[in-house]
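Have a look below at one chain only, the form predicted on its own, in structure tokens format.
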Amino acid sequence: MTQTSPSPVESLTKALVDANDQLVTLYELTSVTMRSLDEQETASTILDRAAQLLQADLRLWCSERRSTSPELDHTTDTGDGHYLHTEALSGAADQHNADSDHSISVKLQSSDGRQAGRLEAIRVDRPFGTADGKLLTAVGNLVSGAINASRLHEAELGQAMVARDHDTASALARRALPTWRPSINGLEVYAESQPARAAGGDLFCFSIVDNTVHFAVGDVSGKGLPAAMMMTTVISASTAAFQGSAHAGAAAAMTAVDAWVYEYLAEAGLFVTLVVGQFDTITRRLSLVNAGHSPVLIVQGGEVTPVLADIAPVGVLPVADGPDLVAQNFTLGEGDRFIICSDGLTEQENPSGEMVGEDHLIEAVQDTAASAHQIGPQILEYVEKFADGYPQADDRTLVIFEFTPRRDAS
């Protein structure tokens, strides 16, 4: 029987049918990318169907993931990568010396246009044509998109886990701030801290030994979780210093705190402004050391006196290398107050760029008619109203000690 060549119409019809089959297959391949976010599974499924469509062996080479970016990284053919998938129909992929007409490849790109790998097709029974190259390019684009989506999804999951861990650590750091306030005859204490973020670096802590209230109030440089974690270290050091230096005075307590935290702060590139002191409610004596903290105010009869710093913030210079510390001492009467603020109050801006400043703060603390528990919220409310909707940029912490009449023991 004589075999006749197909007519032009038959050839055209076959070409149209083949093209339609390719379009249908490509449509099916696009749906594959929506079914799974697993990189290996998605690529394997796409290449399995593409290999059948091209009647060729396919080999996919991908760059390795990098922890620094969710994108696929730039690499050359000899760079750091791996063969993610090989779909072999005839073993042609193992033939490294295939004729150029029987081997084609396309580069894979990440979403920002960088090379992310290579998709190869090898066929030994017949050469590849222009249409095959276009089809392989379309398959390569599908694979690139699927892998990018998978890796971006994986990165987002990782970021979500980091965010969850961050929230947990932030919550633990916030719990380092005491929920109790000293309750002792002759003294009223107000303390409140409002972090600008989920976690802040402002701190306060207390301890009572006999009739003396020991305290530390400070502000760790920086913001966020690093400052919050260092804040917990300073609180631990202060609490230990209160117990170990209970009868040695405020200077000894500050020296002990510095010895505990200086290396931690220096290695982290941080410092903390800190006021360490004690009240003797019998003698009405206030003793303190101020390591670079401001504003610190004493209010007596409506007159406000700033308490200046004695030394640099903790973490700047080791206390042990300097002269012996000498505490500042004050004797306070009934109704007198000792107020420690963080700079998140004085440096709060309003929409016009004006800051609260110490002058406005002094006006807010001069109300002698209100008790410590009344004037504390008033001061914070004053700052909030001054901000007039402008966002809080730094932690706000306010601690107020007020001497009150002593109740008779009877």
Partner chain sequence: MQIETVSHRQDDAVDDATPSEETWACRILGRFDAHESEQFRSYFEEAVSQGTKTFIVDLSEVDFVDSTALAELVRAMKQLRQEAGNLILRRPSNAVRIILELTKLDQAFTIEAAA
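None of these values were measured; they are calculated from a predicted model. Positions refer to the first chain, counted from 1.
The form predicted in complex with the partner chain exists for this protein as well; it is not shown, and the discussion that follows is about that form.
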note = Assert contact residue (the partner chain, in the predicted bound form, non-hydrogen atom within 4.5 Å, options Gly249, Gly186, Pro313, Pro182) equals Pro313
remark   = Answer key, the partner chain contact in the predicted bound form at 4.5 Å (heavy atoms) among Ser193, Ser103, Ser245, Ser294: the residue is Ser294
request  = Please state whether every one of the three residues Gly301, Ile362 and Arg406 places a non-hydrogen atom within 4.5 angstroms of the partner chain in the predicted bound form.
outcome  = no
query = With the partner removed from view, which of 206-214, 232-240, 266-274, 120-128 is the stretch that lies within 4.5 Å of the partner chain in the predicted bound form, judged by heavy atom distances?
reply = 266-274
task = Using a 4.5 Å heavy atom cut-off, state whether Glu349 contacts the partner chain in the predicted bound form.
result = yes
request  = Consider Ser221 of the chain shown here, and say whether it contacts the partner chain in the predicted bound form, taking contact as heavy atoms within 4.5 Å.
outcome  = yes
ask   = Met355 near the partner chain in the predicted bound form, any heavy atom under 4.5 Å?
value = yes
ask   = Can you check whether Leu317 is within 4.5 Å of the partner chain in the predicted bound form, heavy atom basis?
value = yes
